[in-house]
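Before any questions on binding or motion, here is one chain by itself as structure tokens, the form predicted on its own.
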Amino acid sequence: MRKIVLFSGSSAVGKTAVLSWVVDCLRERGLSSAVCKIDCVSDEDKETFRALGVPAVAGISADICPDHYLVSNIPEIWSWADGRGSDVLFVETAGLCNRCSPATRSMVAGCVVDATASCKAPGHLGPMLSQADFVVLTKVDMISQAEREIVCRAVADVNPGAEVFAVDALAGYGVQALSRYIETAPAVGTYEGDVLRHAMPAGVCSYCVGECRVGSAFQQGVVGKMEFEEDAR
């Protein structure tokens, strides 16, 4: 049995920083962790976890959507974690289009949100936020209490049932409460039979498979076209 916890969120919101504190807190509670980082370009974040003595591996999706890449590699990631004997498998990934979410029913799904972003930002995060079990607000040291309440309200408008944790990832403020939540989360015995919480976007179009030429003559597959309204003037 193992807990599998997803950390998703936009780039540079503090996912790796928060997760570094969490694995350390869980170790103090007697739980071992393993981390899989899914990225598009660089795999340097895995060294952050290895420096903490945590087994870590990185997958580079390159030309493939990182969320699609993650779901396609769940069996391999699970087998890798089996070999490490971890109590908790953390998977950190970035949602790029805000339309994808790699969260499955068996995962404990989290979304990391930058509290200094616009209060409208949560409304644009899509399934990554709406399907999350918990939400982590980072950079809370940089906003006022009133601003924090506004952001929390915006999060609740998208996902009223999610647990919300305010965290200062530089100082570690708020990480203990998040770690306790993860500690009490349910564990699962296998990934088999698991299903996505939300369907991935439709594909594949010609640009997904390497087409570079622009124009209708070069567009094949699932192609979405805009509808233009009459000029109201």
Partner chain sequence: MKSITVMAGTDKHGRAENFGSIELEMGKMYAIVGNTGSGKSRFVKDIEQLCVGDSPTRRKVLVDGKELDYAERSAFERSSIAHLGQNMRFVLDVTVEQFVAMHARCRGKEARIDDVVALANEITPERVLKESKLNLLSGGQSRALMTADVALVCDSPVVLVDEIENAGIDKAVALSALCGAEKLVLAVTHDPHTALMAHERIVMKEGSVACVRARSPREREAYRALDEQYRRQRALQRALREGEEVA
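Numbering follows the first chain given and starts at 1. Here the structure is a predicted model, which is why all the values come from computation and not from measurement.
Quick note: we don't show the form predicted together with the partner chain, though the next part is all about it.
Taking the partner from the other structure, the partner chain in the model of the complex has no heavy atom within 4.5 Å of any heavy atom of F49. The partner chain is not shown here, and in the model of the complex it never comes within 4.5 Å of any heavy atom of E76. In the model of the complex, no heavy atom of N159 sits within 4.5 Å of the partner chain.
The shortest heavy atom separation between D39 and the partner chain in the model of the complex exceeds 4.5 Å. Here the chain stands by itself, but in the model of the complex one stretch of 126-134, 81-89, 151-159, 105-113, 151-159, has heavy atoms within 4.5 Å of the partner chain. Proximity of A58, C97 and A199 to the partner chain in the model of the complex is absent: no residue of the three has a non-hydrogen atom within 4.5 angstroms.
None of A185, V204, A171, A62 but one reaches within 4.5 angstroms of the partner chain in the model of the complex through a heavy atom, and that residue is A171. Contacts of stretch 135-150 with the partner chain in the model of the complex, defined by any heavy atom lying within 4.5 Å, are made by D141, M142, I143, S144, Q145, A146, E147, R148, E149, I150, listed in sequence order.
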